[in-house]
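So this first bit is one chain, no partners, the form predicted alone, shown in structure tokens.
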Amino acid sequence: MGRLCVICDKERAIIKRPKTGQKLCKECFYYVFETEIHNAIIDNKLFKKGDRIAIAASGGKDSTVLAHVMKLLNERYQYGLELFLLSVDEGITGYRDDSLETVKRNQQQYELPLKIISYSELYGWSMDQIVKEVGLKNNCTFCGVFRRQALDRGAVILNVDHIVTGHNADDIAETVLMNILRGDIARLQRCTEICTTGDGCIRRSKPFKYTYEKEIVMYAYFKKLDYFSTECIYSPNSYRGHARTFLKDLESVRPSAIIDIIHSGEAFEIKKEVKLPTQGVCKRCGYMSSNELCKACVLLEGLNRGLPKLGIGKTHRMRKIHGDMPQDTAIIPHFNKIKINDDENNNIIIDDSNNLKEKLAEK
């Protein structure tokens, strides 16, 4: 760049921060990047000493940088956290199986315990099988719903207090836009929160809430971190993809658009007289839900009954046509009653009256 770093005024600047436009040397970029994340953690009191923290690890750039930075900050500032890697295997051949190899290398590099939990174990369906049933139009709905509950169940297995995810500023701004376009004011109100929790469920936080995706990529590149960069083979038609394209166009005109959208979401208020869904628990699996049945249970019921559209759109109309669920339909084991232990082969044993493994064995 031909000029000195604006912070140290000694080394030649080689990076222009997308977030601020500052011209920095490599070491100063590392420092401000890491310090901003540390400040987000401290300012929002995300953790306390002794917490067991599961890092949601996919092998991608965000979760790889998150694992690296969490380990670094934990040691640098003596947070006193016990860190674990938690991965979800959706069962996508040629994508997730390859990215999990990256996660396994990260486990060795960062010397952190790793737990992998799969859709096949929990639901009896892999994403490859689900896509064969539902096609490429609504597959991301299934994956997103199933992944959220899989992470929480994985956290129960690890007996952790908290899950941290690699959601960055771009992701959160996209979610704000999606919720505005959908008119989903309930989700719009909470999607910008840095830390969320449901009744009886594990706390989740986003230390990268104010961290730009471009800077995460730059950090991973200059640090030579080992991550998997291929996009999911089933995601090109996702609704989020359209929001992402729109956001990138906005960012090219106004780089602060990402943070501006997040701040708009934070400032969003709902009139007191507006009735919002009340959070409860699913009567079937015990997971948090604003309806009688959680979305995962409805989607799984549809798959197991050969009615993949049951959980898409107007479920009550489908029920009028096809009736209630037959008694022998496989369901997700109850969230609060599962007793999970690892056997000698590191497989999950679910001790529950509605044992999904027994149903799978009958297939």
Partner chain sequence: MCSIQEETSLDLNVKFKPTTKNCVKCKTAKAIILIRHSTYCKKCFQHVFVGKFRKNVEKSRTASSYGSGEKIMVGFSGGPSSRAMLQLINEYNEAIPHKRVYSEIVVCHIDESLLLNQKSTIPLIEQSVRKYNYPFIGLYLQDIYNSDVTKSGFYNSVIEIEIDAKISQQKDPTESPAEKLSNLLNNISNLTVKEDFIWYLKLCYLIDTARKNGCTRLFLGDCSTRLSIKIISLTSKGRGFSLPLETSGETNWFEDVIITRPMKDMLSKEIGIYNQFAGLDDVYVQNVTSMMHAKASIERLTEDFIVGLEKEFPSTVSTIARTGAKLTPSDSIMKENRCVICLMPYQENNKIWQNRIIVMTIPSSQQSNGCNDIQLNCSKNTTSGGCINGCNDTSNDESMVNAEFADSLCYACRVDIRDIKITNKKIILPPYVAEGVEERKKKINRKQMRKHIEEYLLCSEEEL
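Residue numbers count along the first chain shown, from 1. In this text the structure is predicted, and so the values were computed from the model without any measurement.
Another form, the form predicted together with its partner chain, is not on view; read the next lines as being about it.
Trainee: Name the residue from T102, Q129, N138, S118 that puts a heavy atom within 4.5 Å of its partner chain in the predicted complex.
Mentor: The option sitting close enough to the partner is N138.
Trainee: Sort through L303, I53, A56, C297 and report the residue having a heavy atom within 4.5 Å of its partner chain in the predicted complex.
Mentor: The option sitting close enough to the partner is A56.
Trainee: Counting only non-hydrogen atoms, which stretch in 68 to 76, 218 to 226, 144 to 152, 110 to 118 is within 4.5 Å of its partner chain in the predicted complex?
Mentor: Answer to the contact question: 144 to 152.
Trainee: Using a 4.5 Å heavy atom cut-off, state whether H167 contacts its partner chain in the predicted complex.
Mentor: Output for H167 is yes: heavy atoms within 4.5 Å of its partner chain.
Trainee: Indicate whether K23 is a 4.5 Å heavy atom neighbour of its partner chain in the predicted complex.
Mentor: Taking the distances in the predicted complex, the answer for K23 is no, it never comes within 4.5 Å of its partner chain.
Trainee: Does the 4.5 Å heavy atom contact test between S252 and its partner chain in the predicted complex come out positive?
Mentor: Although its partner chain is absent here, S252 would touch it in the predicted complex, with heavy atoms inside 4.5 Å.
Trainee: Please check if L310 has a heavy atom lying within 4.5 Å of any heavy atom of its partner chain in the predicted complex.
Mentor: Close contact is absent here: in the predicted complex, L310 is far from its partner chain, nothing within 4.5 Å, heavy atoms only.
Trainee: Heavy atom within 4.5 Å of its partner chain in the predicted complex: which residues of 243 to 275 qualify?
Mentor: If the 4.5 Å heavy-atom criterion is applied to its partner chain in the predicted complex, 243 to 275 yields A243, R244, F246, D249, L250, S252, V253, R254, S256, A257, I259, D260, I261, H263, S264, E266, A267, F268, E269, I270, K271, K272, V274.
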